[in-house]
Each structure stands twice: as structure tokens, then as C-alpha cells.
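Presented below, as C-alpha cells, is a lone chain in the form predicted on its own.
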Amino acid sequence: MQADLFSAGSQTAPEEPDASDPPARAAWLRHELNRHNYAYHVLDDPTVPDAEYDKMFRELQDIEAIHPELLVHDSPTQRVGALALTPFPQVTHTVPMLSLGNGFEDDDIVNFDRRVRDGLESLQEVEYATELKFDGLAINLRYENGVLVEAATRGDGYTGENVTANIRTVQAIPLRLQTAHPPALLDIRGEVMMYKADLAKLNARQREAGGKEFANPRNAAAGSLRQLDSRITAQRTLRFFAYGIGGLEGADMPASHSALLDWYASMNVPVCAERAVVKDAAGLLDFYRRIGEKREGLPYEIDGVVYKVNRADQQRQLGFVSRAPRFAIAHKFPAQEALTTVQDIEVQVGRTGAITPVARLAPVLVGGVTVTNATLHNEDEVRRKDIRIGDTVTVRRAGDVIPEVLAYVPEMRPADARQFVMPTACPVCGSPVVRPEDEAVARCSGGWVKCAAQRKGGLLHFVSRRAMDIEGMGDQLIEQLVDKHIITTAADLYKLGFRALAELDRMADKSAQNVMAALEKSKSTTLARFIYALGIRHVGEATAKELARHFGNLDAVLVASEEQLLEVADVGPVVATSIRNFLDDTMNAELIEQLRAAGVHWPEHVVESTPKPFAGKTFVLTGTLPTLKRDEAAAKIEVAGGKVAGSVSKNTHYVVAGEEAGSKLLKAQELGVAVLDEEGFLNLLANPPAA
């Protein structure tokens, strides 16, 4: 079709057709408007006056109105937005959008370079792609056959929100890739942001309209993308820079990160010019300092730079650790600081009873965010820093980290500054505050039975996404349920009735139904999630997984001695004692039995002392399996002695692939790794190959 020829080919438009040929004229206008959009919004180099652009835009609108059959969804006229019919649906990322590890000091970067070289078998010199760490909102753009079909926020890295309608209004993002040979599928990862000047203009309009002003460009970008009415998003100037890739089908993966960005640029996908390819730690630190000197003059906000091993094959060799790649790191700039006064020092009670001093501050803007509270960590830290009520202090905020008080200004200390005194009784329940000799943290001795603060904290931990994942159970709902004495323990959640929920503040029948459904859904979980949800002190996600893998079933965990617990990877003497103390408490034992009686269940396994059939074997899971959840499949692998990895490499033995399997499946096929569907996977588990 002629329109396809005009929109996907070269940057040079064909000869201008006249109005007697509407299809050709519409295609030519789309090509020209896209070309001018790219020059204006990406290159900042307008090619025609605004009046001429507007004239062409109106002409295309008129043609599409007279000939609706010529209207295509990637036309420049379709960027104006519309009212959404429903809130944002969830999108599961084919390839997870993982976070990066952080470095703050030069030594952190030198050590990163050393770890990379060690992981690449002591290569003497490594090539790195360096780029900026933008202060915006991470987005995955999905293109099918070159056309934008879906856009999703990062979310928790595995599931985000579908914001396609709003993304389509962002002029910098192409609705169609400018290439004659687009891949069948391409997930472009990048950052949506608002330039400093555009934020100033937006806030000026907000002031005139009596609306809320945005504290910083990141908040403005996030708020704009989460508008249910995309016409509002269309009125705000958002920008985009690509920096990564998710799924790819129908094209070869570029051999390096720098080549990937060059490929994007060739298709009119915006990439930042502030990037380079360097070698070794010295090159990384030189880039960091050069960008630091230019930071204030950049048109957008950044909070650091990012280093990635440039070669794609070396990235695959290094792989991932936990939720971050081994081949990349973010080098953060020094945290932004400000002066303010300490108006009071109060204490907060955490879910484990920890008593944390918190400074109540005169409001101050730090890094674009108004700060009114800052942690003082513990009593010893308050004494060491000699922070007093009435002091003028330096407050630091780094990214999303809770602000902290660094130090007081001696020459500004008033004569009536008062020292902080740790309370001897819990401010919530009145129980004695105790501090073990070998610990820096003082704690409320009341436990969750007496202390409402510990009860609320424990329940919020229990319902959180990485624990029982009970959607809709937020802070306000938990607070009401505890304050009104409707629930005391996590087991009480499963005894809640519809009417009790619906009658709570800010709840309606539909919300109550959703919470009831989420509670029922949460009953089917995994042993690792259940152990983590219990909130045992010192037991995080990784330790919970190791306990589940090692023992296979809850009953084995319940009767394990400290000596047996010490056999578990990631469990030391302190953790073993903490687990045993928790399980020996009769109220905790009763809670576990009540939860099981309420129907909370998971796949149970008996761990045999005989050799495990998949010991030393590495599996990778990708896509959606017909009946097994990913956690269930991973549990089966781990019980059989296998390891579940996040990426495919030459060391992978099996890839288990379901529907919508993406780049991991392609990589497995490229490396000749065995690929199994769910049936083949279950057959392999039932009939493992002879050792």
C-alpha cells in the first residue's frame, strides 16, 4: 500500500502529490508531519514554521474526515488523546524490567570493574557503554511489525500498567518505526521525562488555573502518564530516551549496547547524545566527572550515570544476581542536601517492635521534594551526631531513600536546644522499651498481641506483594481493621465477611468484593512466600526461599533444630536462633495452624536424603505455562535439586517455555539449549535422565 511506503521507508519524501489523489496526499502528509515532529521534538531543530505545520496538520485532518477509510491509528492526528474507559489494566513484561545496583564512591566503580573482569575470566580490558541515569519514569514500548501496539510502566519489574493511550500522545515517541524492515516484535525500554523548562511552563499554567504544582520533573512525568483522560497528557510536553531492550523477534540482536542505541536512532527512536564507549574503571570515572560538570546545564534532571558492559555476549556470560544484572551499575551523584530546623524528635514503632527516633523538621525542599521528616536511625546515632530539638541541621535525600539528618550546625545551635530522651515505655501500647546488650536498637516488649503498631506493621508485611500479595489491603484499610478491633492476627483476615468490609470508611460494595476475591486468591501460594509473610525477624525473601528449598514442607521447618537450620544456605547462628524462637512461641504456632485451617496452602514436598536428580542443572523459565504458575514450577525444580536462573547462557541446561516466550527462547535456540513445554517439563521431572 502506498501509505506504508511513505511511512516506513527512507527519510526523503517522494514527490508531493496533489489533492486529486487523496490516498497519496494523506500518506505524503503523514510522512512530512512525522519528519517535522522528529526534527522539532527530538532534534530540537524545527524544519518548518509552526503555521506551515498547522496548515499541513489541518489538511490531513480534513482528508481523514472526508475519507475515514484512510485514517490509520499511527497517524499524527491521533495523538490528541481521549478519555479512558477503565483504569489502567496490568501488563506482564515478557522480559522483566530489572533494577540496577548502585555505586556511590570511586571504589565502588573500581570494584565493579574488577568483578566484571573476574566474571569474564580475568580479561585485562573491558569495553563499557556509558550513559545518563534519567530522573523520569521507566517505560516498555512494544512494537509489532514496526507499529506501536502497547506501552507499559515498569511497575514492580514483572508487572506494570498499560498506559498505551497516554504514550501515544508523546510526540517524541514514534508510532511507527522508520525502517523498511521492522522486526516482528521489539520491546524498547527507556525513560519518559519532562524537561526543566517544560516543567516551569506547566507549573505556570497550573498556578493560573489554581491547580496543584509539581515539585520536580519526575513527579510531573509520572502524574501526566497516569491520567485517565489522555487528553490531559496530550497537553503536557513529555520527552523520551531509549536505553534498553526487552523482547525481540524477527531480527538479530545487536552485538553491543552501543550498536543497539545506534539501531534505535536509525529508526527515529530518540536516544541521548550524552553517551560514550570507554574502557576500564578510569574511563568510567572520567565519564562520571565530565557529566557531573555538565549536569546543571542539561535540559533534564539526572541523578547519576549508568555503566554497562558493551558487548552483548559478555553481558550474557555475566548474567544476573538476584534482581539486578552483573554487567551494569548505576553511579549516583552525591545526594542533594539542605538546611532546616529540628522542631521535635519523636519515635516510631516498627513491625518488629523497633523504636526509631524520627526528626520532625521545618518543611524544606531537598532534591525537588518537600521533606518534613527524617530518620535518626537509633538512640546511639542521635547521641553520636548530638542532634537536639531546636538545632539547625543538614538533611540529605538520595533518590527514593528516606531522608536522613547528617549533622547539626554548631554555630546555629540555640541556647534552649533540648536533648532527645528515649522513652522507657512504648508510645503506642505502654509496654516497657527494652534494649538487648548486643543490639543498637531498642524495642517495644509488647509484641503484636499488645502493640497495635507492631500488629499493623506485621499485617502490612503479610499482605505485601512479595509475601501473600493481597491486592487492595493497603495502609488505610489495615489501620481501620486494627483500630476498630476487627482483626488481631493475619488469620483473622480470612475470617472477614463482606459486610464488615463494605461498612468501613472509603469502602464500597465493589471494593469489598475485590478484597474478598484477593483474599481467596492468596490462599494458593508457595511455601517460600508463606515463610516470608510470617515476618520472622532476620528472615528475608532469600532466606525464606532457602528454607523452603532445603526442607520442602512446612512441617519439617516447624520441627527443625537450630543445628538443622544451620545446614540451610543463608542461615547463620543469629538467624537460626530467631527462627527457632519464633516457632517455639505458642501464639505464633497457633497463628500458623489457623492460617492452614483457613485454607492457605502450597505445594508440599518431601525432601529425600538420596541424591537429587537435577543437582547441578540450571533451568530458565519464560512465558506463561498452561497450568503451572512460575513460582510453582520453580519450586518443583528446586526440590529436585535444580537451580532457576533469570537469563539464558551457555551454562543453562533447560529452558521451560510457555506462551509469549520472548528473547530467552530465542537465545536458547541460538545456543542449542534444550527447550521444554509444560508437558515435557513435567515428564522430565517424573522421569529424570540417568546421572
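Predicted, not measured: the structure shown is a model, and the values here were computed from it. Note that residue numbering begins at 1 and tracks the sequence as displayed.
Unshown form predicted in complex with a small molecule; subsequent notes refer to it.
Asks: Just to confirm, with a 4.5 Å cut-off on non-hydrogen atoms, which of 516, 556, 100, 482 contacts the small molecule in the predicted complex?
Replies: Looking at the other structure, the residue within range turns out to be 100.
Asks: Can you pick out, from 592, 132, 533, 429, the residue that has a heavy atom within 4.5 Å of the small molecule in the predicted complex?
Replies: Checking each option against the small molecule in the predicted complex, the one that comes within 4.5 Å is 132.
Asks: Heavy atoms within 4.5 Å of the small molecule in the predicted complex: which stretch in 460-468, 300-308, 614-622, 370-378 meets that?
Replies: Single hit among the candidates: 300-308.
Asks: Quick one: does residue 154 come within 4.5 Å of the small molecule in the predicted complex, counting heavy atoms only?
Replies: Because a heavy atom of residue 154 falls inside 4.5 Å of the small molecule in the predicted complex, the answer is yes.
Asks: Hey, in the predicted complex, does residue 264 get a heavy atom within 4.5 angstroms of the small molecule?
Replies: Output for residue 264 is no: heavy atoms all beyond 4.5 Å of the small molecule.
Asks: Can you work out whether residue 243 and the small molecule are in contact in the predicted complex, taking contact to mean some heavy atom pair no more than 4.5 Å apart?
Replies: Contact with the small molecule, yes.
Asks: Answer for residue 138 alone: is it within 4.5 Å of the small molecule in the predicted complex, judged on heavy atom distances?
Replies: Heavy-atom contact with the small molecule at 4.5 Å: present for residue 138.
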